[in-house]
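One chain comes next, on its own, written out as structure tokens in the form predicted on its own.
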């Protein structure tokens, strides 16, 4: 690998050839704010918040699309750079609803974070504000186009990661929006509700409907776990507040799926606290099911298995495993049938 020598904020560093200035800075723990950048998506320089000052270049280029070159001298925190970033933020906030107190994204909003950091008040630029209708036509995603900053991350996630192409830009100038074709509702589009757009949205334009009003980020504990709906092994974070699961969010560090999830994995968590869910074993006594302890239920199953094997032989029993279980659980199931029961009558629902 060929290496380059750069000077960033007065410090000489080495970086691999072919990376962007933004990547070079982040490799050396130099923080640059971004709203439209995502490591897994193409770079578009839509927000311009990552501008830096480079000797020999008159303007302030966006670091996410500027390739680092040998000997480049970069300044990431000069007065000129800070003033440009503040102006960009002032322009964004000028046309953004300031309902942060009730916004579901508060505490996890990149725009609010940077506005606080750069001292942006929203009073510099005055003019018309977009007042677009709220799209809450489906049970999974709330789409508030008035809060959209047109970063395009949801568009790229839909097109590049999920390859659905449901979202895109439409209209021009002040009227520009992001949404399905002909500005139809999400519920009426070809959206499969994977939620990838929600996962990348840096503001409150796209939020999980089921989590609305149920807790702020600082009130929530995230517990990483494996999705039970199929055998793929996707990981996600359970969002827990006061001992109750209030939602699911994707985890970009998940080894199998990254932040991508299907509609069941991301939004199908309501069964956890469903009042009709069985939480204790039931055994039949005198023709009726009654609650029992786990020890009582397992002892009953063991006794019945033993009786059947002794009277009729092991091949009278069979086991069907499920893709909802982990590979390890399925392995233990077949080992139990072969080594303990003594039969090879084992099958799996995914085989069919």
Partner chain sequence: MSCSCLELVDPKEVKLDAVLSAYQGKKGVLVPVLQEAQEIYGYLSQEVMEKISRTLRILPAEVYGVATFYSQFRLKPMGKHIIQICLGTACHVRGGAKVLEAIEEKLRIKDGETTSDGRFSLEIVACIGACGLAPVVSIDGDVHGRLIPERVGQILENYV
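Numbering follows the first chain given and starts at 1. None of these values were measured; they are calculated from a predicted model.
What follows is about the form predicted in complex with the partner chain, which we do not show.
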query	finding
Residue stretch of 157 to 165, 203 to 211, 257 to 265, 98 to 106 approaching the partner chain in the predicted complex, non-hydrogen atom distance within 4.5 Å	157 to 165
Contact residue in the predicted complex, from 171, 134, 192, 282 (heavy atom within 4.5 Å of the partner chain)	171
The single option of 251, 145, 138, 183 touching the partner chain in the predicted complex, heavy atom within 4.5 Å	183
